[in-house]
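In the form predicted alone, a lone chain appears below as C-alpha coordinates.
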(Lines give C-alpha, C1' and ligand atoms only; values in the text may rest on other atoms or scores of the structure.)
Protein backbone atom coordinates (compact mmCIF):
# COMPACT_ATOMS: atom_id res chain seq x y z
CA UNK A 1 0.00 0.00 0.00
CA UNK A 2 1.35 3.44 -0.88
CA UNK A 3 1.71 6.33 1.52
CA UNK A 4 -1.58 8.06 2.31
CA UNK A 5 -1.13 11.62 3.62
CA UNK A 6 -3.76 13.66 5.44
CA UNK A 7 -3.34 17.42 5.84
CA UNK A 8 -6.05 19.16 7.86
CA UNK A 9 -5.68 22.92 8.26
CA UNK A 10 -7.93 24.82 10.64
CA UNK A 11 -7.36 28.56 10.97
CA UNK A 12 -9.90 30.01 13.34
CA UNK A 13 -8.99 33.69 13.14
CA UNK A 14 -9.78 36.16 10.41
CA UNK A 15 -7.24 38.18 8.51
CA UNK A 16 -7.30 41.92 8.94
CA UNK A 17 -5.68 43.84 6.13
CA UNK A 18 -3.30 40.96 5.47
CA UNK A 19 -1.49 41.54 8.78
CA UNK A 20 -2.49 38.31 10.47
CA UNK A 21 -1.52 36.39 7.37
CA UNK A 22 1.97 37.87 7.58
CA UNK A 23 2.21 36.93 11.25
CA UNK A 24 1.12 33.34 10.63
CA UNK A 25 3.76 32.90 7.95
CA UNK A 26 6.49 34.07 10.32
CA UNK A 27 5.24 31.83 13.11
CA UNK A 28 5.25 28.76 10.88
CA UNK A 29 8.93 29.39 10.16
CA UNK A 30 10.03 29.43 13.79
CA UNK A 31 10.67 25.67 13.93
CA UNK A 32 11.07 23.24 11.09
CA UNK A 33 9.63 19.77 11.64
CA UNK A 34 10.95 16.90 9.55
CA UNK A 35 8.81 13.87 10.19
CA UNK A 36 7.12 11.22 8.13
CA UNK A 37 3.41 10.82 7.79
CA UNK A 38 0.93 8.48 6.17
CA UNK A 39 -0.38 4.98 6.71
CA UNK A 40 1.72 2.00 7.73
CA UNK A 41 0.54 -1.08 5.87
CA UNK A 42 1.52 -3.50 8.63
CA UNK A 43 0.00 -1.83 11.66
CA UNK A 44 -2.59 0.30 9.84
CA UNK A 45 -1.40 3.23 11.91
CA UNK A 46 -2.75 6.45 10.42
CA UNK A 47 -1.02 9.81 10.64
CA UNK A 48 -2.86 13.05 10.35
CA UNK A 49 -1.62 16.64 10.28
CA UNK A 50 -3.44 19.60 11.78
CA UNK A 51 -2.51 23.28 11.73
CA UNK A 52 -4.39 25.80 13.85
CA UNK A 53 -3.83 28.92 15.94
CA UNK A 54 -3.71 29.25 19.74
CA UNK A 55 -1.78 31.22 22.35
CA UNK A 56 -0.94 33.86 19.74
CA UNK A 57 0.98 31.46 17.52
CA UNK A 58 0.66 28.59 15.07
CA UNK A 59 0.09 25.10 16.46
CA UNK A 60 1.02 22.12 14.29
CA UNK A 61 0.16 18.54 15.20
CA UNK A 62 1.24 15.32 13.52
CA UNK A 63 -0.58 12.45 15.21
CA UNK A 64 0.02 8.72 14.66
CA UNK A 65 -3.04 6.72 15.64
CA UNK A 66 -4.79 3.43 14.93
CA UNK A 67 -8.07 5.25 14.22
CA UNK A 68 -8.59 8.42 12.22
CA UNK A 69 -11.54 9.44 14.39
CA UNK A 70 -9.40 9.15 17.52
CA UNK A 71 -6.70 11.35 16.00
CA UNK A 72 -9.32 13.94 15.06
CA UNK A 73 -10.80 13.87 18.55
CA UNK A 74 -7.39 14.25 20.18
CA UNK A 75 -6.52 17.22 17.99
CA UNK A 76 -9.73 18.96 18.99
CA UNK A 77 -9.11 18.34 22.69
CA UNK A 78 -5.55 19.60 22.34
CA UNK A 79 -6.77 22.90 20.90
CA UNK A 80 -9.40 23.23 23.63
CA UNK A 81 -6.69 22.65 26.24
CA UNK A 82 -4.48 25.38 24.78
CA UNK A 83 -7.37 27.84 24.63
CA UNK A 84 -8.25 27.10 28.26
CA UNK A 85 -4.62 27.43 29.32
CA UNK A 86 -4.42 30.87 27.74
CA UNK A 87 -7.88 32.12 28.69
CA UNK A 88 -8.16 30.76 32.22
CA UNK A 89 -4.57 30.79 33.47
CA UNK A 90 -1.84 32.60 31.54
CA UNK A 91 -3.23 35.62 29.70
CA UNK A 92 -2.55 39.11 31.04
CA UNK A 93 -5.13 40.50 28.59
CA UNK A 94 -8.21 38.29 29.26
CA UNK A 95 -10.21 39.17 32.38
CA UNK A 96 -11.09 35.56 33.23
CA UNK A 97 -7.47 34.44 33.54
CA UNK A 98 -5.67 34.01 36.84
CA UNK A 99 -2.68 36.10 35.74
CA UNK A 100 -5.03 38.97 34.88
CA UNK A 101 -6.55 38.77 38.38
CA UNK A 102 -3.11 38.65 39.97
CA UNK A 103 -1.97 41.73 38.06
CA UNK A 104 -5.14 43.58 39.11
CA UNK A 105 -4.28 42.86 42.76
CA UNK A 106 -1.01 44.82 42.75
CA UNK A 107 -0.57 46.76 45.99
CA UNK A 108 -3.34 44.85 47.79
CA UNK A 109 -2.10 44.18 51.33
CA UNK A 110 -4.30 41.09 51.60
CA UNK A 111 -2.74 39.58 48.49
CA UNK A 112 -4.55 37.28 46.08
CA UNK A 113 -5.24 33.56 46.42
CA UNK A 114 -3.76 31.33 43.74
CA UNK A 115 -4.66 27.93 42.42
CA UNK A 116 -2.07 25.30 43.27
CA UNK A 117 -1.31 25.08 39.54
CA UNK A 118 -0.33 28.75 39.25
CA UNK A 119 1.49 28.65 42.59
CA UNK A 120 3.64 25.73 41.38
CA UNK A 121 4.41 27.53 38.12
CA UNK A 122 5.57 30.57 40.07
CA UNK A 123 7.69 28.44 42.41
CA UNK A 124 9.56 27.03 39.41
CA UNK A 125 9.92 30.50 37.91
CA UNK A 126 11.28 31.90 41.16
CA UNK A 127 13.80 29.08 41.38
CA UNK A 128 14.96 29.78 37.83
CA UNK A 129 15.16 33.48 38.69
CA UNK A 130 17.57 32.66 41.51
CA UNK A 131 19.58 30.10 39.54
CA UNK A 132 19.97 32.53 36.62
CA UNK A 133 21.00 35.39 38.91
CA UNK A 134 17.97 37.38 37.84
CA UNK A 135 18.28 36.87 34.09
CA UNK A 136 14.93 35.06 34.00
CA UNK A 137 12.22 37.28 35.49
CA UNK A 138 8.45 36.89 35.08
CA UNK A 139 7.75 40.30 36.68
CA UNK A 140 8.85 42.27 33.62
CA UNK A 141 5.29 42.72 32.36
CA UNK A 142 5.26 46.50 32.74
CA UNK A 143 8.50 46.83 30.76
CA UNK A 144 7.24 44.42 28.08
CA UNK A 145 4.09 46.52 27.67
CA UNK A 146 6.16 49.69 27.45
CA UNK A 147 8.18 48.29 24.55
CA UNK A 148 5.08 46.73 22.95
CA UNK A 149 7.21 44.82 20.46
CA UNK A 150 4.95 41.75 20.38
CA UNK A 151 1.86 43.60 19.18
CA UNK A 152 3.79 45.74 16.73
CA UNK A 153 5.58 42.75 15.21
CA UNK A 154 2.24 40.90 14.89
CA UNK A 155 0.78 43.77 12.87
CA UNK A 156 -1.64 44.75 15.65
CA UNK A 157 -0.12 48.21 16.13
CA UNK A 158 -0.49 51.01 13.60
CA UNK A 159 2.22 53.51 12.66
CA UNK A 160 5.97 53.48 13.11
CA UNK A 161 7.61 51.71 16.01
CA UNK A 162 8.79 54.11 18.70
CA UNK A 163 11.41 53.40 21.33
CA UNK A 164 10.31 53.87 24.95
CA UNK A 165 11.41 56.99 26.78
CA UNK A 166 14.63 56.10 28.71
CA UNK A 167 13.48 57.81 31.90
CA UNK A 168 10.10 56.09 31.80
CA UNK A 169 11.82 52.76 31.19
CA UNK A 170 14.12 53.35 34.17
CA UNK A 171 11.14 54.09 36.41
CA UNK A 172 9.33 51.01 35.12
CA UNK A 173 12.30 48.76 35.93
CA UNK A 174 12.17 49.95 39.53
CA UNK A 175 8.80 48.23 40.03
CA UNK A 176 10.00 44.93 38.50
CA UNK A 177 12.00 42.14 40.13
CA UNK A 178 10.95 38.63 41.20
CA UNK A 179 12.90 39.14 44.41
CA UNK A 180 10.08 41.48 45.53
CA UNK A 181 7.38 38.82 45.15
CA UNK A 182 5.99 37.19 48.30
CA UNK A 183 4.41 33.79 47.75
CA UNK A 184 2.79 32.08 50.71
CA UNK A 185 2.55 28.32 51.21
CA UNK A 186 -0.33 26.03 52.13
CA UNK A 187 -3.38 24.61 50.39
CA UNK A 188 -4.52 28.04 49.19
CA UNK A 189 -1.29 29.99 48.56
CA UNK A 190 -1.47 33.77 48.67
CA UNK A 191 0.66 36.00 46.43
CA UNK A 192 1.53 39.54 47.42
CA UNK A 193 2.24 41.62 44.33
CA UNK A 194 3.80 45.08 44.81
CA UNK A 195 1.88 47.99 43.35
CA UNK A 196 2.58 48.52 39.66
CA UNK A 197 4.21 45.11 39.17
CA UNK A 198 2.82 42.94 36.34
CA UNK A 199 3.38 39.23 35.82
CA UNK A 200 4.10 38.02 32.30
CA UNK A 201 4.40 34.24 31.88
CA UNK A 202 4.97 34.39 28.14
CA UNK A 203 8.50 33.02 28.56
CA UNK A 204 7.17 29.73 29.96
CA UNK A 205 3.66 29.58 28.49
CA UNK A 206 4.41 27.48 25.45
CA UNK A 207 6.64 25.14 27.44
CA UNK A 208 3.83 24.68 29.95
CA UNK A 209 1.56 23.91 27.00
CA UNK A 210 3.89 21.08 25.96
CA UNK A 211 3.71 19.60 29.47
CA UNK A 212 -0.10 19.75 29.44
CA UNK A 213 -0.26 18.22 25.95
CA UNK A 214 2.01 15.40 27.08
CA UNK A 215 -0.46 14.59 29.86
CA UNK A 216 -3.25 14.49 27.29
CA UNK A 217 -1.28 12.14 25.04
CA UNK A 218 -0.50 9.76 27.88
CA UNK A 219 -4.24 9.28 28.48
CA UNK A 220 -4.92 8.22 24.87
CA UNK A 221 -3.80 4.63 24.33
CA UNK A 222 -4.69 4.64 20.64
CA UNK A 223 -2.07 7.30 19.88
CA UNK A 224 1.32 5.67 19.40
CA UNK A 225 3.30 8.76 18.46
CA UNK A 226 3.00 12.50 17.92
CA UNK A 227 5.03 15.61 17.30
CA UNK A 228 3.40 18.92 18.25
CA UNK A 229 4.81 22.42 17.84
CA UNK A 230 3.45 25.47 19.63
CA UNK A 231 5.37 28.28 18.01
CA UNK A 232 9.05 27.72 18.76
CA UNK A 233 8.40 24.90 21.26
CA UNK A 234 8.15 21.28 20.09
CA UNK A 235 7.01 18.09 21.84
CA UNK A 236 7.91 14.63 20.56
CA UNK A 237 6.07 11.59 21.92
CA UNK A 238 6.14 7.85 21.34
CA UNK A 239 7.41 6.57 18.00
CA UNK A 240 6.68 6.43 14.28
CA UNK A 241 5.44 3.19 12.68
CA UNK A 242 8.67 2.70 10.73
CA UNK A 243 10.79 3.10 13.86
CA UNK A 244 12.70 6.12 12.54
CA UNK A 245 13.63 9.05 14.77
CA UNK A 246 11.75 12.28 15.21
CA UNK A 247 13.65 14.98 13.33
CA UNK A 248 13.32 18.57 14.47
CA UNK A 249 15.09 21.36 12.64
CA UNK A 250 16.79 24.26 14.41
CA UNK A 251 16.04 27.44 12.43
CA UNK A 252 18.86 29.49 10.98
CA UNK A 253 18.38 33.01 12.41
CA UNK A 254 19.83 34.49 9.23
CA UNK A 255 17.34 32.60 7.05
CA UNK A 256 14.43 30.99 8.90
CA UNK A 257 13.37 29.06 5.81
CA UNK A 258 16.42 26.84 6.41
CA UNK A 259 18.00 25.22 9.45
CA UNK A 260 21.47 25.09 10.98
CA UNK A 261 21.03 21.44 11.86
CA UNK A 262 18.67 18.67 12.87
CA UNK A 263 17.83 17.09 16.23
CA UNK A 264 17.29 13.35 15.84
CA UNK A 265 15.19 12.27 18.84
CA UNK A 266 13.76 9.06 20.24
CA UNK A 267 10.63 9.06 22.40
CA UNK A 268 9.47 11.99 24.51
CA UNK A 269 11.39 15.29 24.42
CA UNK A 270 10.68 18.99 24.65
CA UNK A 271 12.56 21.38 22.37
CA UNK A 272 12.37 25.12 23.04
CA UNK A 273 13.96 27.84 20.93
CA UNK A 274 14.27 31.57 21.68
CA UNK A 275 15.63 33.94 19.06
CA UNK A 276 15.93 37.58 18.09
CA UNK A 277 14.32 36.84 14.72
CA UNK A 278 10.93 35.84 16.14
CA UNK A 279 9.46 39.23 17.11
CA UNK A 280 11.35 42.44 16.54
CA UNK A 281 11.25 45.98 15.19
CA UNK A 282 13.94 48.01 13.45
CA UNK A 283 14.70 51.68 14.07
CA UNK A 284 17.47 53.44 12.13
CA UNK A 285 18.92 50.08 11.12
CA UNK A 286 19.01 48.72 14.68
CA UNK A 287 17.01 45.58 15.52
CA UNK A 288 15.08 45.64 18.80
CA UNK A 289 13.83 42.15 19.66
CA UNK A 290 11.33 41.00 22.29
CA UNK A 291 13.68 39.29 24.79
CA UNK A 292 14.37 41.95 27.42
CA UNK A 293 17.31 41.84 29.81
CA UNK A 294 15.96 42.52 33.32
CA UNK A 295 19.25 44.21 34.22
CA UNK A 296 18.87 46.95 31.61
CA UNK A 297 15.26 46.88 30.43
CA UNK A 298 16.54 46.76 26.84
CA UNK A 299 16.63 43.81 24.43
CA UNK A 300 19.33 41.38 25.55
CA UNK A 301 22.74 41.97 23.96
CA UNK A 302 24.75 38.83 24.74
CA UNK A 303 26.18 38.12 21.28
CA UNK A 304 23.51 35.44 20.74
CA UNK A 305 20.92 35.19 17.97
CA UNK A 306 19.13 32.06 19.12
CA UNK A 307 19.16 29.41 21.82
CA UNK A 308 17.67 25.92 21.59
CA UNK A 309 17.19 23.86 24.75
CA UNK A 310 16.43 20.14 24.92
CA UNK A 311 14.76 18.82 28.07
CA UNK A 312 12.24 16.26 29.25
CA UNK A 313 10.05 18.95 30.82
CA UNK A 314 8.49 21.79 28.84
CA UNK A 315 8.15 24.68 31.29
CA UNK A 316 11.75 24.59 32.46
CA UNK A 317 13.05 24.16 28.91
CA UNK A 318 11.10 27.19 27.74
CA UNK A 319 12.34 29.30 30.64
CA UNK A 320 15.91 28.11 30.16
CA UNK A 321 15.94 29.12 26.48
CA UNK A 322 15.08 32.70 27.50
CA UNK A 323 17.52 32.79 30.41
CA UNK A 324 20.38 31.32 28.35
CA UNK A 325 19.75 33.83 25.55
CA UNK A 326 20.13 36.68 28.03
CA UNK A 327 23.16 35.17 29.82
CA UNK A 328 25.13 34.22 26.70
CA UNK A 329 27.09 31.02 25.99
CA UNK A 330 29.38 30.72 29.01
CA UNK A 331 26.92 31.42 31.83
CA UNK A 332 24.03 29.96 29.83
CA UNK A 333 25.86 26.67 29.42
CA UNK A 334 26.46 26.52 33.17
CA UNK A 335 22.81 27.24 33.92
CA UNK A 336 21.56 24.57 31.51
CA UNK A 337 23.94 22.08 33.14
CA UNK A 338 22.30 22.69 36.54
CA UNK A 339 19.02 21.44 35.09
CA UNK A 340 20.49 18.55 33.12
CA UNK A 341 19.47 20.21 29.86
CA UNK A 342 21.24 20.19 26.52
CA UNK A 343 21.66 23.59 24.85
CA UNK A 344 22.76 25.05 21.52
CA UNK A 345 23.65 28.70 20.84
CA UNK A 346 23.75 30.35 17.43
CA UNK A 347 25.97 33.42 17.84
CA UNK A 348 25.82 36.74 15.99
CA UNK A 349 28.73 35.73 13.74
CA UNK A 350 26.96 32.48 12.81
CA UNK A 351 29.16 30.30 15.01
CA UNK A 352 27.43 27.42 16.81
CA UNK A 353 28.26 26.57 20.42
CA UNK A 354 26.59 23.59 22.08
CA UNK A 355 26.71 21.30 25.08
CA UNK A 356 28.52 17.99 24.83
CA UNK A 357 25.31 15.97 24.90
CA UNK A 358 23.78 17.98 22.07
CA UNK A 359 26.94 17.58 20.02
CA UNK A 360 27.46 13.84 20.52
CA UNK A 361 23.98 12.45 20.78
CA UNK A 362 21.38 14.62 19.15
CA UNK A 363 22.73 17.19 16.70
CA UNK A 364 23.33 16.58 13.02
CA UNK A 365 24.77 19.49 11.04
CA UNK A 366 23.19 20.45 7.77
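It should be emphasised that the depicted structure is a prediction, and the values quoted were computed from it without experimental measurement. Residue numbers count along the first chain shown, from 1.
Keep in mind that the form predicted together with a small molecule is not shown, yet the notes after this line are about it.
(request) Could you tell me which stretch in 258-266, 285-293, 219-227, 190-198 has residues with non-hydrogen atoms within 4.5 Å of the small molecule in the model of the complex? (result) Single hit among the candidates: 285-293.
(request) Have a look at 84, 150, 72, 120 for me and say which one sits with a heavy atom within 4.5 Å of the small molecule in the model of the complex. (result) Filtering the options by heavy-atom distance leaves 150.
(message) Considering non-hydrogen atoms and a 4.5 Å limit, does the small molecule approach residue 240 in the model of the complex?
(response) No - in the model of the complex, heavy atoms of residue 240 and the small molecule never come within 4.5 Å of each other.
(request) Please check if residue 202 has a heavy atom lying within 4.5 Å of any heavy atom of the small molecule in the model of the complex. (result) Looking in the model of the complex, residue contacts with the small molecule include residue 202, since a heavy atom lies within 4.5 Å.
(request) Indicate whether residue 336 is a 4.5 Å heavy atom neighbour of the small molecule in the model of the complex. (result) Result no; residue 336 lies far from the small molecule in the model of the complex.
(message) I'd like to know if residue 246 sits close to the small molecule in the model of the complex, meaning any non-hydrogen atom pair within 4.5 angstroms.
(response) Looking in the model of the complex, residue contacts with the small molecule do not include residue 246, since no heavy atom lies within 4.5 Å.
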